[in-house]
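Starting off, we have a lone chain in the form predicted alone, written out as structure tokens.
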Amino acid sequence: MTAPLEVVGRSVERSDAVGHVTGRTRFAADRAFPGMLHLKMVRSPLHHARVRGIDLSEAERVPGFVRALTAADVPHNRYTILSLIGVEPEEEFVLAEDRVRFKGEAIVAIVAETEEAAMEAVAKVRLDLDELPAVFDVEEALKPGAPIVTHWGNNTFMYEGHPCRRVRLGDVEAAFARADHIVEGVYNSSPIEHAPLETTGCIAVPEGGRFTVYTNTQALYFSLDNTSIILQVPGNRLHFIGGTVGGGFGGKVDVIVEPIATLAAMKTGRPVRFVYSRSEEMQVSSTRSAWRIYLKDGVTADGRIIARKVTSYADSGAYSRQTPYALTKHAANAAGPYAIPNVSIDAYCVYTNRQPTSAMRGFGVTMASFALEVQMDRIAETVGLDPWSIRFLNAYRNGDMKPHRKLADDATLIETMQAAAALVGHELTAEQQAMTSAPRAGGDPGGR
């Protein structure tokens, strides 16, 4: 016997709501510990440069200066964000070694008795940088002779030996040749900053051979495992405490502050607080990727889409973070929830000298949906249908073949549109009201 629903359909008070609205919630950075030190970063003032030298002599004379950390101090000086799920290579440095690849990249960590002393010492570090040409546009980055951002020699992530994630179904060019209309569009989006109320940060506290890290990460054990790898210490020596993210939306999945704060606590034997300023949050934390998406559709006179070609470029910035994974999600969804028998998708993860990009609310899929749905409206206008009709006509049904060779299962686009029409008072045709996501007559998985 199925248990009665106790939450669905009811208004349930959040367990943390009262603390948040009354200001009583204790967030990660609100804590203070005896002898706590403060960590601030020396960051690159250039978008792309070789690091020729670092002069710490003036910084070391600042009252309250404790120590500096450079790349040589980090046991495994690579962020390992995606390697835990088998996506490699590791290519982002915890602290820059011979080259910086974006403005704001961390080069030296300064640890001091107070935040003010740390900031003063940061200002007195002298960097010897040899500026290099930079590239900021995804298509410019793919041209011959473009400045190379990566260490492997080209500006794309490689998928099974290819410079893009590829999806193929049917024969797109043949379908274009017999289409009554060709509808093309180019869709661009800019980077989007998450702008959390609480900036990225943590406090690492030594506790008898172990280290407790109070952090506002969105992925507690992911952060613990990555920190363990970077510092080359067993995971059982790390105790991560989270829970109050302070706003994240995907941006606090990246493991940016915990490894270096914990390393500083290991080196000094004292608690270390590392919290981004608002300007750091805007400049160096991951944004949603900027995208450029080219769409070309072959459409019959009655509005059926028989071919769709997608060429898309995600700006990963200088390093991968979560973007190569986002491209896989993007490629799986780039044709939309529509039954199209001929599809070609080339999705590029491109490296530029911008700040790295990463996860944000459906990353990879959200921008595809934006481009596709604007394109659907253009198709409707081209063939003389209303926007509702073009979507009902082409909607997935159970058993339809998706471009990545998976059958649609539990498709509910038709039912969702019917419910949406009822909510907004849009009158559907009798045929649209009678439609369901049941398999098509004859069980044709191709959808035609």
Partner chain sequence: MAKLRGTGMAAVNYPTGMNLGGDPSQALVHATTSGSFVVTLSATDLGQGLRTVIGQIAAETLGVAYDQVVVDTADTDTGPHDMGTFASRATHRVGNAVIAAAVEARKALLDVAAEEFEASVDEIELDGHGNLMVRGVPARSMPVAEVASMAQFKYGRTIAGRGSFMKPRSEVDPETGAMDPDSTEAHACTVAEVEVDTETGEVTVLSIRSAYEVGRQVNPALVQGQITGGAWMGMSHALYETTAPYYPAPDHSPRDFSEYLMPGPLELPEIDCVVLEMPSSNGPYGVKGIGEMTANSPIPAIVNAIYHATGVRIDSLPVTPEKILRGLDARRP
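A quick note: this is a predicted structure, and the numbers were derived from the prediction, not measured. Residue numbers count along the first chain shown, from 1.
The form predicted together with the partner chain exists for this protein as well; it is not shown, and the discussion that follows is about that form.
Report whether the minimum heavy atom distance between residue 131 and the partner chain in the predicted bound form is within 4.5 Å. No, no contact at 4.5 Å.
* Does at least one non-hydrogen atom of residue 363 fall within 4.5 angstroms of the partner chain in the predicted bound form? -> Within the cut-off, so yes.
| query | With the cut-off set at 4.5 Å between non-hydrogen atoms, does residue 434 touch the partner chain in the predicted bound form? | reply | Outside the cut-off, so no.
Notebook entry, point to check: Does the 4.5 Å heavy atom contact test between residue 217 and the partner chain in the predicted bound form come out positive?
Noted result: Residue 217: yes, in contact with the partner chain in the predicted bound form.
Options 303-311, 262-270, 237-245, 144-152; stretch whose heavy atom lies within 4.5 Å of the partner chain in the predicted bound form:
Flagged stretch: 237-245.
Residues 163, 181 and 321 are flagged as a possible site; in the predicted bound form, is every one of them within 4.5 Å of the partner chain by some non-hydrogen atom? Spot residues vs the partner chain: no contact at all.
Quiz prompt | in the predicted bound form: members of 356-390 within 4.5 Å of the partner chain, any heavy atom | solution = Contacts from 356-390: 360, 361, 362, 363, 365, 366, 367, 369, 370, 373, 374, 377, 378, 381, 387, 388.
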